[in-house]
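Let's start with one chain on its own, the form predicted alone, as structure tokens.
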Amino acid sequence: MKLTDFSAVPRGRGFASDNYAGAHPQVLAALAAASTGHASSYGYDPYTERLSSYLRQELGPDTGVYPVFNGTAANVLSLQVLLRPYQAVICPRSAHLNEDECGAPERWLGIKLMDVATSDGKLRPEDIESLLHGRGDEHRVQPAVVSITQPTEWGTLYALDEIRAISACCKKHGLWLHMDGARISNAVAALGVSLREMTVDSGVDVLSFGGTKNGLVFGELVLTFKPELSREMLYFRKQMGQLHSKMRFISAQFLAFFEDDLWLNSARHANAMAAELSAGAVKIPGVDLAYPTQVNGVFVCIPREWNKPLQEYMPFYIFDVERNMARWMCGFDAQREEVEGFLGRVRELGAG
């Protein structure tokens, strides 16, 4: 048996997750190109230097650029630079930090997450202020950071005015603002604004910038926007096991990502495929749209008896068992034929 003979490996596709998609060919080409010859390790290489220079040009000279392996690490490191162990993070109950990171923030940082139930995955200033009554009381954990996800785990978007209102609330009460941007490419593409407008100009202090959900093999970025936040990040990243000795392979992918707006074009395509899937699905009896389709995820409530036949046709996840809410995610490589074929199967079930 030849171990690298992948011809028999199943090539199934579906709408389970944009993490299921492979890597973009231009990203793979950049990885191969970066593998030629030797380069200094631990980020002291020309690829990381070029990436940092580009992002400082785009986002401002105070931007700290820290490539890491994955999104959970990006979020934990983002919070670590902002918090002391007796402090807390205010976040939506649906936040990835709260529901999908196996307690990593609490485990590594010794802090508390103060989660807020929301109807659409979005925090509002009044949600934040409702949790501040114990500040200054030594018997209570002290809120210090607000974390929002853009787009949210339900595929909803914060408008720039909403982010700025949250930032103003944070400044009023002396709180830091963190943005979990695992799918921020899709948000920027959907709103038609720049990354700087959505983050630095809107008052975000630290950003977890995602890449793997939009065509990278591996790698995310922690971006800090205040000089005082950069001083300790090098040491935190090393202690967390996130200092890649061959960092050029993360940085080279991001250089391809930003080249000629590949990140935005890929996100626009994924968003467009989700919009078509959503528009077709809501016309089918039995399908109820749970949240507006604003980026690359379609959230719908469907009859439970549809789960098995649909998942056998193309895999996807049920995100809310009580409502039987399905999540159909479109990746950068989603194809219109797949959307049409899946809608055809849904129509068959809807017709009984």
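One rule holds for the numbers: they count along the sequence shown, beginning at 1. Quantities reported herein were computed from a predicted structural model and do not represent experimental measurements.
Omitted here: the form predicted together with a small molecule. The next part is about that form.
If you check the small molecule in the model of the complex, you find no heavy atom from any of Asn186, Asn214 and His269 within 4.5 Å. Interface residue among Asp115, Glu276, Glu101, Asp127, judged by heavy atoms within 4.5 Å of the small molecule in the model of the complex: Glu101. The contact with the small molecule in the model of the complex, taken as any heavy atom within 4.5 Å, belongs to Ala182 out of Val76, Ala182, Met247, Leu82. Remark: His96 counts among the residues lining the small molecule in the model of the complex, judged by a heavy atom distance of 4.5 Å or less. The small molecule in the model of the complex comes within 4.5 Å of a heavy atom belonging to Glu153. Using a 4.5 Å cutoff between non-hydrogen atoms, Gln253 does not count as a contact of the small molecule in the model of the complex. The small molecule is not shown here, but in the model of the complex it comes within 4.5 Å of a heavy atom of Thr72.
The chain is drawn here without the small molecule; in the model of the complex, the stretch among 309-317, 23-31, 63-71, 38-46 whose residues come within 4.5 Å of it by any heavy atom is 63-71.
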